[in-house]
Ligand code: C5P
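Here we start with a single chain on its own, the form predicted alone, put down as structure tokens.
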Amino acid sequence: MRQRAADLAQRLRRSSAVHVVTHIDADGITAGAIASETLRRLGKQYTIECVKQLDETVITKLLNENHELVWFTDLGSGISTQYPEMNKVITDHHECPPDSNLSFHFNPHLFGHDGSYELSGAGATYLVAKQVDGHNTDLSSLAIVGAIGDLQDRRFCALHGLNTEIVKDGRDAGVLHTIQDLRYFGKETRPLAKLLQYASDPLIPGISGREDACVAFLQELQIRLKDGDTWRTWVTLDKDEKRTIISNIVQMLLVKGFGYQTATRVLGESYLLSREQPGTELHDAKEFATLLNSTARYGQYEVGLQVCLGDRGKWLKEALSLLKGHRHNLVEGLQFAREEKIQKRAHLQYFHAGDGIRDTIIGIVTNMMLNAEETDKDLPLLGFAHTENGEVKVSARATQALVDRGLDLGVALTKAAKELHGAGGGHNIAAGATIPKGKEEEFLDLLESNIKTQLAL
């Protein structure tokens, strides 16, 4: 694997101009930023673009532009065996065709590692950047933001596999430190009651989703909600206050019969960026990733890219403004999905958002819906949304328990979409597809048949 990374590093060094093509999520933006900065440090000419997917339109455009070298980051594995006329390098982590172990292709799946939790797209790009120049270890913090944005810590409540090597690089380079802490999102910036209100994985029985119950819970524990006029956040609490909240949440889970395994998920490894200011959206990798998701998913990838590359002025201000809108859209999207109601079939469940939720955030909303208290966790959940060009975007999410039973959404969605002349891909636990409008029922039939076969094996 290291040899392949070294070979790709050599290929990049030999090129005078490189065009980077990356994905629109946090993993894609951090991967693109790592690639850009690596090329800048090499003194290479480079350009970069963010795309939703590698469809025919994007590929035709790339072929017509006739770049000396195209570097695909956090995507590209699906086309690795096609378009031999395009000189390319691929650093990706999505499931790939069995015959794609080619000299220009770097993907953990090719070397016996699982790309859904052992290495992200940003991680794969970072391992090549490190081979380009050993001093690029300071870019490891971006790779960790990408991995966290890709939920690679979900399975073990900590990063695992090849990701741990990158964490070590980050610590050694002084750009990252890790602590055992509460796993819920928003520890740096969310007021305490809001932190608990939106808590999921695990949900807090009787607390999650209920702001008044969160306030009452904290008051009962004699935790001050404010310091003067300022709302307190998790990072402003002292050790005893944190310990009190954690032990009470764990106790509630155990009393309500959730079991030891669920209760232990309250705690996990947190990844903090040492050079960023505590109490900001950039200090905790989870919050940094959400900030990035609020940029490229709205067509503003340049903003997220510049923040990754160190801008703390104009571009950060723009990113924080986009984040506000993104949060609003997610709350509205969740509300819309709830109103549409989840439809159940024998082996899956789904909701159709139509034009009600942007196709670029349907995956995030689907994940939030799956984590909601009222959603059945024994079936994978699909969200449908219309795209700008008249197609339908499908996002699918599942629990680790289903994956452990043999479910592989990446394979199932790819197969079903292909039969309808669409495209699909992703991981066993989270995947996506694009299909023609009006083919949803047909797609569900095909997908359900695939899922049934996987779970029966």
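Just so you know, these numbers come straight off a predicted model, no measurement behind them. Numbering starts at 1 and runs along the sequence shown.
There is also a form predicted in complex with ligand C5P; it is not shown, and the following applies to it.
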| query | finding |
| --- | --- |
| Contact label in the predicted complex: residue 363 to ligand C5P, heavy atom within 4.5 Å | yes |
| Contact of residue 430 with ligand C5P in the predicted complex (heavy atom, 4.5 Å) | yes |
| is_contact(residue 162, ligand C5P) in the predicted complex, heavy atom dist at most 4.5 Å | no |
| Touches ligand C5P in the predicted complex: residue 171 (any heavy atom, 4.5 Å) | no |
| Residue (of 300, 367, 233, 208) lying close to ligand C5P in the predicted complex, criterion heavy atoms within 4.5 Å | 367 |
| The single option of 154, 347, 283, 358 touching ligand C5P in the predicted complex, heavy atom within 4.5 Å | 154 |
| Neighbours of ligand C5P in the predicted complex among 26-60 [non-hydrogen atom within 4.5 angstroms] | 27, 53 |
